[in-house]
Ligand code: SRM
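Okay, here we've got a single chain as structure tokens, the form predicted on its own, with questions on binding and movement later.
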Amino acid sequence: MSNNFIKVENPVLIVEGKQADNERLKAESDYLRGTIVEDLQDRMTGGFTSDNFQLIRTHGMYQQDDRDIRGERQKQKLEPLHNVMLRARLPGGVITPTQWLGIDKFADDYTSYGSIRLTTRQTFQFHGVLKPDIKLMHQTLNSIGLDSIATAGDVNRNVLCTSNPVESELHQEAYQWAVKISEHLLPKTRAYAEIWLDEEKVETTEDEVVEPILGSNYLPRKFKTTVVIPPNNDIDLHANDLNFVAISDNGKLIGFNVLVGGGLAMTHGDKATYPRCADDFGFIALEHTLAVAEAVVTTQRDWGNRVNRKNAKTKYTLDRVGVDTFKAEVEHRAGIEFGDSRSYKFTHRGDSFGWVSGIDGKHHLTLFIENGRILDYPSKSLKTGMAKIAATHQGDFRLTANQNIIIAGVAEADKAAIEQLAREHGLLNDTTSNQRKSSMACVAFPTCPLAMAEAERYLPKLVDDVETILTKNNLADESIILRVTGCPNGCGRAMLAEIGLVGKGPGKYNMYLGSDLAGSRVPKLYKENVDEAGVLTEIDALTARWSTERINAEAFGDFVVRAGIVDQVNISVRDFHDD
């Protein structure tokens, strides 16, 4: 599949002009050190100042504040209640029970919300960590073998990997490659260890190459990588810059098809921005994996737009220089030629809930965690339940890219005890609908500074209402891939949903329709600036038609395209923006 939006006859490899201020910031940062150490010692403010506000992102943190109380604090002439959100580095989402207990305790003792948040990047986040506790947070992670290096900022971020371990040998191989890719593309600067772990700084010489892959200015924009095992596109590869699709022979991994240039973020009203599916460059043997990963990253490093950050992602570089030009450069840098793409097919997305058995005789229990928020609620003590499971579990946990968690590697003799704990604490509920399991939201309010509308707090009631609508329209056992994001940045992957709601303002959303079950199609704008009541009215009308006009077991996204309710987004940016 080719998604090259713009035909390029005379490619512009380097965008000329005054560079964005982030480029100055990175160049002057002394390889991501800045003055973070000095800022940590300043207790006159709970936040980070100047360039450090941005630099802490490359150490896995975002400065936030509680927007629910921002106005009241302003009235009291107080600064916002600054805190940080930390996102851990967890390639492939694998975490041990011991590590889980460590993060569980830290969340209890040092976060404002007391929760562990599972994310669409197959890792966990702490929310609400105050400045005096930030260094302790990093040292706690280090003590249990974790870190947050390069989980935000202009670097390659947490590497995703298909998490459902049904084919355990193949999954294990793919997971090992996810870890290798993550390690290979990490920043080489020792800034993280010096600042947070008190490692002594080693001075570099003037001509020393500190960052051979990322460069002294790092990447033009964030970069995301995945490893995925067909037929389940559970990590939504088309949301990512670089993807390795596992090709197997008799259950053994023999290589990857490499897909480049996916991405979902856009800006409301800016038609130069758009979501884009990735292009399939072709097949590579296993031994070329790291060389190709490095070549894609360095090509984007050198050719990416450093003038306009809104057009700095890999997807825009491909459309500016042309897919063939970019691919040829990757081949040159890696010293390989891509082979013909091997046959593969994605038939579904999402997680397989309940128990599944692997070929090694072990069992794996996937738990649905609404919005990925692990917290004790009045009706379900999710956080306590997970801690109790971690205290006895002999396998590991695997976080999924859909905000859920797998209790993996359970022996036959331990199944009943694990299931009992999960049920007692509301982690396993047989009445959870297919629709709820197919729905997802980003964090949005009150912590995300970019949020324009509610998402996580809006989703549960929205799903209640959608369940009622589906039942009314004789579709109670069906589901729609439904995703809500508080802004157009793409964190909740609404731009790969059958119904995607993208926040436009308080209580208002742009409504997109038409992705498919495989996650290989971007949806199209259907209605703009719709309020919550209008969202339900539209879903009611659309599902009523779906119920009576669908052909066979046609999925909702396929129906709205076939019925002409929205056009299919193909390869031109004009298809997306209606120009």
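All of these numbers come straight from a predicted model, not from anything done at the bench. From 1 onward, residues are counted along the sequence shown.
Another form, the form predicted in complex with the named molecule, is not on view; read the next lines as being about it.
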query	finding
One stretch from 464-472, 178-186, 205-213, 222-230 that, in the model of the complex, holds residues within 4.5 Å of the named molecule by heavy atom	222-230
Residue (of V94, L146, C448, L367) lying close to the named molecule in the model of the complex, criterion heavy atoms within 4.5 Å	C448
Contacting member of L118, A107, L253, V323, with respect to the named molecule in the model of the complex [4.5 Å, heavy atom]	L118
Contact test, all of Q125, A265 and C442, partner the named molecule in the model of the complex, heavy atom 4.5 Å	yes
Heavy atom of A278 within 4.5 Å of the named molecule in the model of the complex	no
R87, heavy atom within 4.5 angstroms of the named molecule in the model of the complex	yes
Interface membership of R57, the named molecule in the model of the complex, 4.5 Å heavy atom rule	yes
4.5 angstroms heavy atom contact with the named molecule in the model of the complex for Q300	no
Residues in 483-518 with any heavy atom within 4.5 Å of the named molecule in the model of the complex	N489, G490, C491, R493
